[in-house]
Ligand SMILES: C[S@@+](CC[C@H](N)C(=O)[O-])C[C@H]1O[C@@H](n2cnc3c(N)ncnc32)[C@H](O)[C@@H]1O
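Shown next as structure tokens: one chain only, the form predicted on its own.
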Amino acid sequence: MEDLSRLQALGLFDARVPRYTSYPTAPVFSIASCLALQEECLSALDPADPVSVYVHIPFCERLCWFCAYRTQGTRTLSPVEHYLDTLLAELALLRAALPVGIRMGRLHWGGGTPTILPPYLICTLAEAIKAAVPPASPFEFSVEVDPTLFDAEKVAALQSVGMTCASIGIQDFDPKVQAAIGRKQTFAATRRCVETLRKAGGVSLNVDLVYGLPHQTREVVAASLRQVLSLEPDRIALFGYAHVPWMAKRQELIDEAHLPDDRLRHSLFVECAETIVGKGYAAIGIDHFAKSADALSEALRRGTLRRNFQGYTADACQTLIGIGASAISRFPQGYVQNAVATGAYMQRIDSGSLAGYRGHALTQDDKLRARAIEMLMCQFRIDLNSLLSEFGALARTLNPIHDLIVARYSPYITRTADCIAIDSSGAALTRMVAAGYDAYTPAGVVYSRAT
């Protein structure tokens, strides 16, 4: 209780800070010269270095009220087919813009609901992606899966095009919680989905849980976690619900009176994390867990764990190419985001142009701060010697920030000659500490809670 009171005094329950899946964060991006940046970055890629590819499918048969992602509901396949035609056109434009010989090391389909695609569209899209950016060896392909829109035929289609990882959003199995967030997904349906995937073979399993949802109590969350652990996933992501109805209008359907208070919200995470680790999973960064043989655990042990728009990753590719509405690309030179609204994205592609709408060209100072923030988010420490080796004298410009951070968050933060380190008892402060290295304060932007 004393530690929690001290963390509260440091502002843990008041702070609203980025999740730092990128630095700078997306609200910093601007529309100035975005297409020129996109074209420059694509043409400068080295064929010797594989790239990652992310494809956004923004459609769902149902819109969950808690979700803040860019999605839209549909009851028919027609808009999905029309969107897929645009994806194929974007891939053709991308193929023309890429240097000859570029290969793809990783592929991820996110949404929305990628498994809204019927088997023939799954194969059509996968083949078009591989034609534009052929797979490297090794190659990993992950897909976000909705158990209510999944069957053996879709599994077979995904397996035929090389899927190696399935990610299932669960959030919570309690019927009262599900009713309060507009999501119906039974444990039985989820278990059938997992069994179907396991029968197919060769597919690892990631599941997402969310704490801080309406009507969640310790008992409710513990019961859902027991069911999840019985599925024996390879990875578990434990996210805090971000209640941002000013950004995601559908969240206005959620009654704020039923949301857990700050202390309970914090306790839900801590107790879940302790249970998961107690079952033999390694804690990965601030909110992921993985079995010891999983690539994330191996990356943590080797010090090569990274963070991108999908969360924590063992992906070593320096470039991530985003395809589809609102998708974000990360290049060594900067970030480019496609037009966000589906209609605007489709108009850009239909005009024969790439879909880049806004972005940010990275300065050396950006790269330095990004590296420091990623170190904190992945390893809970900043390796000062590594920064000095990579950035030279520029690394010393962070010294005043190091001093302020240590002074503000002592005793949870310590500094030696070699590193700035967050003690395990202060891990909840990590996003706040990372925010201390953020040079940007976008006007009017309110981020999610630090807890």
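Since this is a predicted model, take the numbers as computed values, not measurements. So that there is no doubt, residue numbering starts at 1 and follows the sequence shown.
What follows is about the form predicted in complex with the named molecule, which we do not show.
S.K.: By the heavy atom within 4.5 Å rule, which residue out of D234, E140, D174, E144 makes contact with the named molecule in the predicted complex?
M.R.: Residue within 4.5 Å of the partner: E144.
S.K.: Can you pick out, from G111, G311, G285, G334, the residue that has a heavy atom within 4.5 Å of the named molecule in the predicted complex?
M.R.: By the 4.5 Å heavy-atom cutoff, the listed residue in contact is G111.
S.K.: Any chance all of F66, V210 and A242 sit within 4.5 Å of the named molecule in the predicted complex, going by non-hydrogen atoms?
M.R.: Yes, all three are in contact.
S.K.: Using a 4.5 angstroms cut-off on non-hydrogen atoms, would T342 count as touching the named molecule in the predicted complex?
M.R.: No, no contact at 4.5 Å.
S.K.: Hey, in the predicted complex, does G169 get a heavy atom within 4.5 angstroms of the named molecule?
M.R.: Yes, contact at 4.5 Å.
S.K.: Answer for Q251 alone: is it within 4.5 Å of the named molecule in the predicted complex, judged on heavy atom distances?
M.R.: Judged by the heavy-atom cut-off of 4.5 Å, Q251 is in contact with the named molecule in the predicted complex.
S.K.: Against the named molecule in the predicted complex, would H360 count as a contact residue? Criterion: heavy atoms within 4.5 Å.
M.R.: Result no; H360 lies far from the named molecule in the predicted complex.
S.K.: Just to confirm the contact call: exactly one of 94 to 102, 292 to 300, 317 to 325, 234 to 242 touches the named molecule in the predicted complex at a 4.5 Å heavy atom cutoff, so which is it?
M.R.: Partner-contacting stretch among the options: 234 to 242.
S.K.: Relative to the named molecule in the predicted complex, which residues of 292 to 309 have a heavy atom no more than 4.5 Å away?
M.R.: Not one residue comes within 4.5 Å of the partner.
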